[in-house]
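Below, in structure tokens: the form predicted on its own, a single chain.
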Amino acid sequence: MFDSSAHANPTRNRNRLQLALYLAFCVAIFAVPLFIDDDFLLNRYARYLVLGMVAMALSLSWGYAGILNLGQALSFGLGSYAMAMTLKLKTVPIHTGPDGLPDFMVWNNVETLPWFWVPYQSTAFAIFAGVAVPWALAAILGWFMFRGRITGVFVAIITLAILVVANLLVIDQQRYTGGFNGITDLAQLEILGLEFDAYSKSTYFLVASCLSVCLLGALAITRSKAGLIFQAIRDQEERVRFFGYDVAAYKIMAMSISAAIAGLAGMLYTVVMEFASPTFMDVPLSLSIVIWCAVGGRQSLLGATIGAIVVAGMQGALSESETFLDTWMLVMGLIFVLVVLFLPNGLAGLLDMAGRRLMRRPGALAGGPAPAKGLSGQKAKDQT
């Protein structure tokens, strides 16, 4: 008789293997400073980790809930500006005007600190706003879209349009946002007496800690009932609605959580880069996030994270190489084409294939059952 536990064991073993890979990645990024004594390189790797975090956030909404948000950079930029505003108000007097007024406001004849800048005198408020504002904006936008049953490419177009409008608004309001120049000459972030210099190990560990917590937290969400419903909506939205679930509410949840993680990544990016720029909420960055996610594997949180780190690292290395100084964009384009053609599931597809081969081994991962010889090919596939 067919043993139902044969289904449970492979699933449990796959979950264990997946968790092991995620934990190994977290340990690996924390171990990087042990092998690198160059502050400049450490700062660069911290930047790559931040980009990995925002790609992972998109994977949660796109890969698991089927929501292609082409305006992901908006949440990233809002978080970046929230951190930049509070750090700007804490700079030394040479970078501020009377009563701590930011220098670019003085140049534009602003006499008093605008009311929406005042709360950012508190670092705690800025950290809260950097997560809450992107979350709230995504929830409001999602309410209008998903309650109206807008899906597919129309969601992508709307989110991209909102991003463009926000970017133009930030550039146009130079007297309040710094315009094209952004917000520069920032103080260093200080929390509970601990100072986070952009080129210090403390900042790298801060980024690595936030990425690890968000990565494992997002993994927990995907394994929960909500995560299963996300994936069901991605595959058969109408069928999920037929079973009585509030599809719009779940899609709003997925998009909001993704935006909140992107906002946190934006704040960390400002700490690492030491400035905020309207390019942080521009179309090229938003499209790059989509590419990173696709290369890594949009249906894998870890794959999207690694994809962003690998692609961003390759872009940096090729653009600084004398050999590929003029052709590095062509090389990156060729790599993207090859990935799309031969790795439709991204880099995560390679890990998945390796994991499946491991699971097929007799006794793999704590005694997982091997396929019985007498079973048909389909049943053997079900057991593995």
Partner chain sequence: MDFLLQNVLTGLSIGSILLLIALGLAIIYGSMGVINMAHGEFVMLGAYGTWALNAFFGMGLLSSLVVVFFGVGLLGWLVERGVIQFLYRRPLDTILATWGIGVMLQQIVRLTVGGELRYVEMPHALTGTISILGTEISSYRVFVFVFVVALFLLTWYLMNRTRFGMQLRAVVQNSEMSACFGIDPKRIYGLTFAYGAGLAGLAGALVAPLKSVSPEMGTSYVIDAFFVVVLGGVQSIFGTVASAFLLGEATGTLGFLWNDTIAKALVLVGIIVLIRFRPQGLFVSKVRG
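Numbering follows the first chain given and starts at 1. Computed from a predicted structure; not experimentally measured.
One more form of this protein should be noted, the form predicted in complex with its partner chain, which is absent from this view; the next part is about it.
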| property | result |
| --- | --- |
| Non-hydrogen atom contact residue 174 with its partner chain in the predicted complex at 4.5 angstroms | no |
| Residue 298 within 4.5 Å of its partner chain in the predicted complex, heavy atoms | yes |
| Proximity of residue 147 to its partner chain in the predicted complex, heavy atoms at 4.5 Å | yes |
| Residue contact check: residue 151 to its partner chain in the predicted complex, 4.5 Å heavy atom | yes |
| Segment assignment from 262-270, 67-75, 83-91, 204-212: heavy atom within 4.5 Å of its partner chain in the predicted complex | 67-75 |
| Site check 156, 168 and 287: each within 4.5 Å of its partner chain in the predicted complex by heavy atom | yes |
| Listed residue that, although its partner chain is not shown, lies within 4.5 Å of it in the predicted complex (heavy atoms), from 341, 317, 28, 41 | 341 |
| Sole residue of 219, 283, 240, 187 within 4.5 Å of its partner chain in the predicted complex, by heavy atom | 283 |
| Any residue of 327-341 that, in the predicted complex, places a heavy atom within 4.5 Å of its partner chain | 327, 329, 330, 333, 334, 336, 337, 340, 341 |
